[in-house]
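One chain follows as structure tokens, the form predicted on its own.
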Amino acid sequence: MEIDPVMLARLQFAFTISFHIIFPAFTIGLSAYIAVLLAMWIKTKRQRYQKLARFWTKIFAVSFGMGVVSGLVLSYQFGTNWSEFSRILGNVLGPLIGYEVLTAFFLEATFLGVLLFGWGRVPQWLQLTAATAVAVGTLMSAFWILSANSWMHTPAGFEMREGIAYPVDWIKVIFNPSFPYRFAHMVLAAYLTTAVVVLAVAARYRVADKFPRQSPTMLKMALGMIMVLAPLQMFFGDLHGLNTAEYQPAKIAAMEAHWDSSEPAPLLLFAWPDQQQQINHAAFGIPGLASLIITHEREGLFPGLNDFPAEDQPPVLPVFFSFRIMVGIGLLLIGIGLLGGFLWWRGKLFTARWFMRPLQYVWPLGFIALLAGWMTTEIGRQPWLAYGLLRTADAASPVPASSILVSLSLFVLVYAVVFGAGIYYINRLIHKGPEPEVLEAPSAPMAGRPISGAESGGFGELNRERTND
């Protein structure tokens, strides 16, 4: 059986970038969380914030290292497997990726050492400055990478000369039509991913009745972020969808498995798209709702897949299901935020074991939604590597399939070992938890008697916040 080298090259890049994307996304949110904890420590002088900052900094260091390692191989693949892509579009995309290194990575590398090793060695303000610089650096990294990737979806500010793209307006290149929406959507996804991990870790400690002084702080901060960001993500996701409908209508049609543009589209809750026959099997949905969302009219019409030649249609099945996984998890996070907020308002958040037990297992949700969203946007762009400019099949290097298969197999083996060990170590750090803090002085009414388990924040507490909480 003959193996398609282009498909193998795509699988290799998909495999490596799927591992890579989860770590930078996690560190974007985690670096911001650490900076907030340090700011609260300096402002309030309470040890719990400093202990939590040090605890999450250890996890950040491992995640950051795995993100760097997994990102290095992506650049090499541009030359080994996608040389035509580099030759044709390198004048535009090369500088954008270079700016990410010159600004974001250098900023992170400069202050990362202070963040990791400055505890007790540098002033508190410098520790906070280092954390803030690292957080800004991760955002700048996302800025340049999303700008480059968005340009591949909505190219702008360039001209073609003899089949090669040349930039003519860097402002239009950087701030291409889809970039603002995709950047906001991705950054919010990163913050939500981190908030869900912190929430799950806090719930794990509450169920085990461990770290009673730090777990409520993590729980409240993470839940507050989810309550705000999950609905906000839905709003920006809608804006992103409207932008996609304008510039990449075939992708929207694939996301909705919408074939016939002469009829209003239902919002399909489930279906099995059949691209060969151009129909949906076992379809179940809400009539007209997809048209209402996309056109803001219940009877509104938008292009269907039948409006595009078969060779220009994206693969419908993976796009359709990955989009629904992403949206489904988003709705679940909104539900978690609403239920948690209600329990918080009623003063039962920390004592509701029935809520905490399942909550300790939600940590993968953000990563799954992140990967599902990435699959939706990248597979939905096919068969184009740069939309309307360069097809994926025309961008590959003339490399034998056997060579790509060998390197892909080695990637799978090495990644399984390296990242398996990294994730195992992160789990060990979480199991160990934050360092014990020195007991804070009790308030005057409590002087002269020991602090009970209920007062120190165990599950027996009646949810009364002490002054130093």
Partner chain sequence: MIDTLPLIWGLVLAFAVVVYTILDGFDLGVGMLFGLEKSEANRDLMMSSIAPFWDGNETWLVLGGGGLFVAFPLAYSIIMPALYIPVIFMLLALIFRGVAFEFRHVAKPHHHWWDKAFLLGSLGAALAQGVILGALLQGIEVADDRFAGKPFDWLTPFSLFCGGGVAVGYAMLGACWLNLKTEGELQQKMRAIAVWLLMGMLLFIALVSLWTPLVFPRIADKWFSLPNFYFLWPVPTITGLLAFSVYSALRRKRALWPFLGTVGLFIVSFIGLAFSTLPLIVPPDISVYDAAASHESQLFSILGVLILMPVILIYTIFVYYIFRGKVTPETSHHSI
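Since this is a predicted model, take the numbers as computed values, not measurements. Residue numbers count along the first chain shown, from 1.
The same protein also exists as the form predicted together with the partner chain; that form is not shown, yet it is the one meant from here on.
**Student:** Hey, in the predicted bound form, is Ala61 touching the partner chain, heavy atoms inside 4.5 Å?
**Tutor:** So Ala61 counts as contacting the partner chain.
**Student:** Although the partner chain is absent from this view, report whether Phe85 comes within 4.5 Å of it in the predicted bound form, heavy atoms only.
**Tutor:** Phe85: contacts the partner chain in the predicted bound form.
**Student:** How about His296: is it within 4.5 Å of the partner chain in the predicted bound form, going by heavy atoms?
**Tutor:** No, His296 is distant from the partner.
**Student:** Whether Ala131 contacts the partner chain in the predicted bound form should be assessed with a 4.5 Å heavy atom distance threshold; does it?
**Tutor:** No, Ala131 sits far enough from the partner chain in the predicted bound form that none of its heavy atoms falls within 4.5 Å.
**Student:** Could you tell me which one of Ile174, Leu343, Ile368, Ile379 places a heavy atom within 4.5 Å of the partner chain in the predicted bound form?
**Tutor:** When the partner chain is considered in the predicted bound form, the option within 4.5 Å is Ile174.
**Student:** I need to confirm a contact call. Of Val36, Val418, Ile430, Ile42, which residue comes within 4.5 Å of the partner chain in the predicted bound form, counting heavy atoms only?
**Tutor:** For this set of options, the contacting one is Val418.
**Student:** Please pick out the stretch from 334-342, 199-207, 305-313, 93-101 that is in contact with the partner chain in the predicted bound form, where contact means heavy atoms within 4.5 Å.
**Tutor:** Only one stretch passes the 4.5 Å heavy-atom test: 93-101.
**Student:** Using the arrangement in the predicted bound form, list in sequence order the residues of 117-148 with any heavy atom within 4.5 angstroms of the partner chain.
**Tutor:** Residues within 4.5 Å: Phe117, Gly118, Trp119, Arg121, Val122, Leu126.
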